[in-house]
Ligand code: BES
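Below you will find one chain, with nothing else, as structure tokens; this is the form predicted on its own, and questions on how it binds or moves follow later.
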Amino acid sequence: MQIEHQPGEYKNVACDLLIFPVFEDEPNGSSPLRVLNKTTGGLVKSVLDSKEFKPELHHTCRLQNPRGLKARSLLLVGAGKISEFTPARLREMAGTGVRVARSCAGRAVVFLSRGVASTALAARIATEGALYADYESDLYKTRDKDEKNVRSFRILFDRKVSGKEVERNIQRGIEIGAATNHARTLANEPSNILTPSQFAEQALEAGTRAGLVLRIMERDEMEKLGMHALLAVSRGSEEPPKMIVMRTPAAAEKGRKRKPIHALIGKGVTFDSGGISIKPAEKMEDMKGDMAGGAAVLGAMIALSRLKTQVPIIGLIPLVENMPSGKATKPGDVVRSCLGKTIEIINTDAEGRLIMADALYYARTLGAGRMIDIATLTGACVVALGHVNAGMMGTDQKTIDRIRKNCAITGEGLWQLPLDDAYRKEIRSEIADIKNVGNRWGGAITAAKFLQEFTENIPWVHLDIAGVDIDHDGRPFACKGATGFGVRTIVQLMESL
């Protein structure tokens, strides 16, 4: 899809679809609508008065061959209440328009009126929304495949703007949108294709091309470092474990001025059967996406490198497959982590926290001064927050507050859960330092308390994205499948530092 700024007046723009946002709380009185209504000879007012179209969020009304416009069709898109409008809603509105534009597989133009958002931010956000909407998850279909992509998407403002500034921010949106879609593709891949080795190989290729400095840690090195918590998860699989270690140029630069290194750690379980504590068969196919946290970290690192961030960042993705076999770790086994703490494994289906434990400690040895981990960690988080928000916990309240504030821009919902010390008693073990699960209550929090054991005094934030990594229903602005949740959150955070 070609994305660019379109100067001029919308009535003179020849395109297949003109996307026009309409707000719920000022459907008739706003200046842009009055002008559009006059241009179309009263068509817009008649549609609104007839209640044929209600400008509620994501509602649409397509009008063919509108009078007074060079556009072949006009799409009115409900933008909700203007008092509640955020950049995140702008992304959804632009995406909703592009999903409709796919049906004509042509040229779409979105009109953004004064007050929708600042010019620069609006250009970036609308671009992200367009790319997100133009993505399909039908990777391996050989028939009934939706080949209708939008050829071009142009952004038109109702005021004079700096073309260079708009184009610069469109390019930023392209990088972030492409990285998000890359993470979606990885999480949509079946596990027989995206093994730990294949994930590592793809990351090495894509990351190097983006300017990252990467290396892949193999089993022998993990054993020398004492990463027995991670290795315990991989024991039941024929697939060897891997660890992707990435650095932005600012983090890899020799002789650089000492700045705190920010570490991003993403869970990379390419398939989670539960191991010996095997999962129920229903919906087990979704466990190919148990590496969505790792995909988000890779996508974010690629975007940040392409955006030439000056923040020194390292990214770690521990990669394993959790399978049952005669070699698999068993409930009741005890392993020693890279940090030296011993772990009693009560449930082999609580495997994500084991691989993250060794990765968190290893990030500290690389000089991490602040850590953020992202993982599809617990079903308990889905019980607590459903499929709307991801869980957020940690010891770095300043970063938590910043991430939460950014939700209005990223459109990725996050809600902070408590992390009181009283929860730690649930993971005390009788025979080891800790155990990998507590009782059924507060499971998302006790899982985070487990991870906290390996962060110690380093400021740390944990994002539990179970429940928001996959969209089973699809939305007006997106197809079904992996969401790429976390890429925008991480990029927005790192760029705001």
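All residue numbers are counted from 1 along the displayed sequence. Everything quoted here is computed from the prediction, not taken from an experiment.
One more form of this protein should be noted, the form predicted together with the ligand, which is absent from this view; the next part is about it.
Item to complete: Run the contact test on A179, T248 and R306 with a 4.5 Å heavy atom cut-off to the ligand in the predicted complex and return yes or no.
Response: Spot residues vs the ligand: no contact at all.
Stretch in contact in the predicted complex with the ligand, which is absent here, among 282 to 290, 309 to 317, 81 to 89, 171 to 179 (heavy atoms within 4.5 Å) | That would be stretch 282 to 290.
Just to be sure I understand the contacts: of E189, E344, D349, E412, which is the one whose heavy atoms reach within 4.5 angstroms of the ligand in the predicted complex?
Contact with the ligand in the predicted complex is made by D349 alone.
| message | By the heavy atom within 4.5 Å rule, which residue out of L156, L214, A380, M323 makes contact with the ligand in the predicted complex? | response | Selected residue: A380.
* Counting only non-hydrogen atoms and a 4.5 angstroms cut-off, does I434 reach the ligand in the predicted complex? -> No, I434 sits far enough from the ligand in the predicted complex that none of its heavy atoms falls within 4.5 Å.
Taking 4.5 angstroms as the cut-off for heavy atoms, does D373 touch the ligand in the predicted complex? No - in the predicted complex, heavy atoms of D373 and the ligand never come within 4.5 Å of each other.
Exercise. With a 4.5 Å heavy atom cut-off, would you call L36 a contact of the ligand in the predicted complex?
Worked result: Output for L36 is no: heavy atoms all beyond 4.5 Å of the ligand.
Taking any heavy atom pair closer than or equal to 4.5 Å as contact, tell me whether A466 reaches the ligand in the predicted complex. Looking in the predicted complex, residue contacts with the ligand include A466, since a heavy atom lies within 4.5 Å.
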